[in-house]
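There is one chain below, alone, in structure tokens, taken in the form predicted alone.
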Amino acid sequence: MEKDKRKIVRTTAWSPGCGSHGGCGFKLEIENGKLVKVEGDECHPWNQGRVCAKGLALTQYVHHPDRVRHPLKRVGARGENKWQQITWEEAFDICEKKLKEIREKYGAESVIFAQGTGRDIGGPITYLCYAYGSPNWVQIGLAGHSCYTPRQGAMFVTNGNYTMADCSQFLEKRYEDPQWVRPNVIINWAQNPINGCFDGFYGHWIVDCMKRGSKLIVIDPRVTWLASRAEIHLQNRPGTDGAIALGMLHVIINEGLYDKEFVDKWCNGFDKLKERVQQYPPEKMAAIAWIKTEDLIRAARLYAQSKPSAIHWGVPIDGNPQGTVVAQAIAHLWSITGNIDIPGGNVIAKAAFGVTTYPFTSQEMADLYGEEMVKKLNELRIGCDRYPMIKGFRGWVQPDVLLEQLETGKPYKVHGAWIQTSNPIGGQAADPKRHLAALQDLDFIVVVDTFHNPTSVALADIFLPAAALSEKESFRNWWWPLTNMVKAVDSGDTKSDWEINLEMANRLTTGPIRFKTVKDLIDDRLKPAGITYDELAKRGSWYAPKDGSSVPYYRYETGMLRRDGKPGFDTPSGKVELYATRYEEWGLDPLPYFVEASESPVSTPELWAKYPLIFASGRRVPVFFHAEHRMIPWLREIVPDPVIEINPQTAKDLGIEDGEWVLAENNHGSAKFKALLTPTAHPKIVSVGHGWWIPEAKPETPGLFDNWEHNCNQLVPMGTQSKSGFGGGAYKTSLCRVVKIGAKDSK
């Protein structure tokens, strides 16, 4: 084979294709201009040569015959799946004309800019949204914005920065770095990180620490692989994580197991927290959570007495009835034990070199766009008037309020939507039928994606085909190291999200055009690192800082965390705020507390009598990412059908056999699944995967790829958001019953 016909391109994964939140180093093998093989990059400090099934199947994703490879214009009615192929120039012209007409007639705020998760979309979509002048950046239908943002908000008010379990991921030499100390204990709280998507955290790092001696405490309603290897497994009732955290705080504080020196010097409000937790004795909290009192006490003692100890957590925290409050209570655990920004504790995560992919917080947004612009956007951002935390922390639209506004037109009507990397009707939105009805009234909708899906067929007027991972230039800095995505093959007639949005931003902006090419924009963002896109690519697509504020540890002692350079944490008091003054400023309780979910065996006993099982959606498998990949042969072969995990005794009582098709239903809706009987399931809890639509099924309405047959979000209501507006989506706490609907292995 001639050398010029084969090459290896090193890049960083951040969808579309592999899914997940990215970060892994890939080696793409290119032969005659075609992607033929994917391997993990052994030189990359993130994944160190490992790669998941989705990454290995990237070749099938990129070259799939059903990928949309040309811009399309709808020619039939919405939902008829009738399209006309057009050029990019025609597509851009139509989008420009329609969006300008809406802005001139109704104002820029009448168009929403919606993203999903994964893929490098935060930068492109906010760039376009704010160039157009809209304040309304949103994840449509994500009830309570119950994905990561509630945890981010709690860490922002408590520690001032985001933290995560220290598995040496901020050190180039990783486990061999002499600074690093493995955590003696890791609490894996409400996540199955090896199977699932991660938020700047690679799940196998926990296994790496286990190999080096770390012990586990697992808090999870399911018996996962990690739970089966834990010292203590708290198999709790979904929605009761706050009770466990408060019970643990009660034990640690009352038994004097906290770090007194750290609390005295670096924490604010300890006495008030001590007084509050007296309301939550472990006996009471254990009963609420369906666990043993002695196990809760033992977990609290093991964590507090095993310093350094770390906590890793997942999305179910956000879906607790008061998500920002539950995350606050958990953050207090690592705070009062002094397990913050120390080797083997919860290390503070700051972007390498200070490079931001997009503005995460209101302050970062003000740094990028100016205080006046942020103030102006907040005046019309949907949900801002009801939830001050949206103004004070992060500039999302509040999704539950958005749905109300879509339906009522008050205080103003929404007329258009730009939907990118998101399939709300088929994956993200709670109560999807309600969302479909509300969105169908919009005047103009653009969908940017790689494949048609229920949302694009049901709603799009224009479909813009996005480039896959191997076909684009982009960058990533979440949190470490600084990385980029390198274009390895020609994308044909597709364009990257950055290319699409930069072109549209330049056409729609009312201000000056700052960047003509994507590389110009990326190079500008990379300036704090003193490196260009091309230079970063030559380094193997990653670059790690040797020093500075993004390198751990003990930065609170040296003034590396605060804007004024003084020692302490980036909070109003300069200390860890156990009594959150920012919550108080936003009209929220500054101390953690516990409340029941809006529907639960306790809060709605009459519903529990009718629907005696807890319906936990979002069951993770390693071959899919949210609503993606159902069309990829290698991956679909591993998980061919939507399943529901049921305890064998529960199934026996219901007359259900393994492999039978069953119906899960409640007062909100229903969906069909294939029964998977497993003793790892709690007898009172059933677990299902989300985002199930069937790519080979008929795409047009009413079925929309059999979306209404299998979409579990039909059982999840909107309007259960936390008092802060962030958290409270009932994705894990809805009640249901399960009935058999057919013979084994038949639909």
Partner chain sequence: MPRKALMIDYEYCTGCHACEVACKQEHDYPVGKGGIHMNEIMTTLPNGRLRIDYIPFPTAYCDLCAVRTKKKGETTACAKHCQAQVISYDTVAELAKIMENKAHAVMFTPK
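Everything numeric in this text was worked out from a predicted model, so none of it was measured. Positions refer to the first chain, counted from 1.
In what follows, reference is made to the form predicted together with its partner chain, a form of this protein that is not presented.
Only one of 539 to 547, 150 to 158, 632 to 640, 137 to 145 places residue heavy atoms within 4.5 angstroms of its partner chain in the model of the complex, namely 632 to 640. In the model of the complex, at least one heavy atom of residue 231 sits within 4.5 Å of its partner chain. Taking the partner from the other structure, its partner chain in the model of the complex has no heavy atom within 4.5 Å of any heavy atom of residue 702. In the model of the complex, its partner chain sits within 4.5 Å of a heavy atom of residue 225. When its partner chain is considered in the model of the complex, residue 49 lines it closely, a heavy atom lying within 4.5 Å. The single contact residue among 622, 343, 133, 392, judged by any heavy atom lying within 4.5 Å of its partner chain in the model of the complex, is 622. Out of the listed residues 274, 204, 284, 265, 204 is the one that sits within 4.5 Å of its partner chain in the model of the complex by at least one heavy atom. For the stretch 35 to 56, the set of residues having any non-hydrogen atom within 4.5 angstroms of its partner chain in the model of the complex comprises 37, 38, 39, 40, 42, 48, 49, 50, 51, 52, 53, 56, in sequence order.
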